[in-house]
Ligand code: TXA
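Starting off, we have a lone chain in the form predicted on its own, written out as structure tokens.
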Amino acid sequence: MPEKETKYLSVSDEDLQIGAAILQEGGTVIFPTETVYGLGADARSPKAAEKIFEAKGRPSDNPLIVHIAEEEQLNDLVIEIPEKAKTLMQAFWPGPLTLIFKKAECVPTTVTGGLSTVAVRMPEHPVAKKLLSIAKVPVAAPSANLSGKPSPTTFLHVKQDMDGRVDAIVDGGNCRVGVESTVLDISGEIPVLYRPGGVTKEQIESLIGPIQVVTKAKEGESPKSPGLKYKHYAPDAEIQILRGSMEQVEAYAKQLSKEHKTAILTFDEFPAFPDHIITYSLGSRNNPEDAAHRLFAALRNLDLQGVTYILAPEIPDDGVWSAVRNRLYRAAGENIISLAEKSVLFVCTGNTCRSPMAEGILKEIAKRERLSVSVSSAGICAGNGSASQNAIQAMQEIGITISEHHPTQLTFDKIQDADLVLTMTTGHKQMILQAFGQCENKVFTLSEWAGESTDILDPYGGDLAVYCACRDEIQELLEKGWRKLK
């Protein structure tokens, strides 16, 4: 995009008058809110809204949130205001709650991502309130960052991303909340929470009753809220969410830091890590507001230090923690690594072809995807000998060796020690449940575990082509299902 001469404005009345005039004339102004900095333009103007998408590099089907200074402005933007919306507005406006309504005709589809609904909120930040009051126009304003990057919570963050891309930036210091607003769709019969934020699910339900939660758009579906469809909030470094004990996390971080500049997000209560591992505290693990306030700044600061990997602990999924978890996990692209080793046991009849092939394939996937998993196989009626020659040859064709495999008899101890038991057929599964019992929660057919419904038939007696077809069927199911092991 052509570079603009960006004006830098203070929070003085005179400078806010300048910012308001720019908005009225169809320009773009970045301003602070209590959540993050917003990139604003007149929500009534399709051309003004297009400038937001251009400045951010944002996909045009991602809807924008409209900011207003007074509740009266809402009447011009929406068709109706449901009673539940009025209850929530009385409790949480002004504040970090966005409500989705059925839109009025005057709201351009450029702002709504082509949808028949519009998202609206009333910010409580004094600078935002004053700017909107002076401008007297509804202002569409997503977070003021390049699309996909961490949202800006300080003036410095905004300047790094948006200098030369917008008409003006208001320096309002640091944002209080630190994560974007809660987004609740109030346009249907049952309210739907699309994005957790500073107003929690629990607070909302205490006033209007049960709500649904949706945090990801379906394939091919237009998102009704920002943050549903695309990877968001991501720094340049790769983020990994780690599951495991403190000792496992430290061992993993030490190993990774041998080859990569590694940082880890911690809490104040965590023990110290080795000096060569960069640490950044999100505050006390008893204070989610601290973590929300610090998260985006942490990701940006670690990028400035040239970090390659950012490791992060698991985050709870309740209250304000839900907002922290949502942003961090979206930034990681749901890249969750289990450090506690899981045990997977494959079962077939004789343990000479199907289950050894499944064992070999999953071991290869585990190596490729860095899964912490131990894999074995056994047969319900296993004898002596080795894997069948056709199974060995079929696996060699894809670069996996099972020639050292020897059939193993299935026992109660093997079932008991496994975290997950995957059988080749429904018959195998039923035999295990009848013989051993009380293990229903971890015994599945490979097919049902991967979301399919067919049994994997025994290739015994067939030629190499039959074994290769069986191998390919097993591999396809494991490629569909391995992410569940994370």
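Residues carry their position along the shown sequence, with the first being 1. Here the structure is a predicted model, which is why all the values come from computation and not from measurement.
The form predicted in complex with the ligand is left out here; the points below concern that form.
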field: the ligand contact at A291 in the predicted bound form, heavy atom, 4.5 Å
entry: no
message: Would you classify R44 as touching the ligand in the predicted bound form, given a 4.5 Å non-hydrogen atom cut-off?
response: no
message: When the contact criterion is heavy atoms within 4.5 Å, does I65 count as touching the ligand in the predicted bound form?
response: yes
task: May I ask you to state whether I134 is within 4.5 Å of the ligand in the predicted bound form, using heavy atom distances?
output: no
statement: the ligand in the predicted bound form has a heavy atom of only one listed residue within 4.5 Å, and of L115, V249, M89, V214 that residue is L115
task: Would you kindly say which of I100, L74, A85, I402 lies with a heavy atom within 4.5 Å of the ligand in the predicted bound form?
output: I100
query: Hey, with the ligand in the predicted bound form, do T349, A387 and R471 all fall inside the 4.5 Å heavy atom range?
result: no
statement: Within 4.5 Å of the ligand in the predicted bound form, heavy atom basis, the matching stretch of 27-35, 457-465, 443-451, 414-422 is 27-35
- prompt: Hey, which residues along 140-154 are within 4.5 angstroms of the ligand in the predicted bound form, non-hydrogen atoms only?
  reply: A141, P142, S143
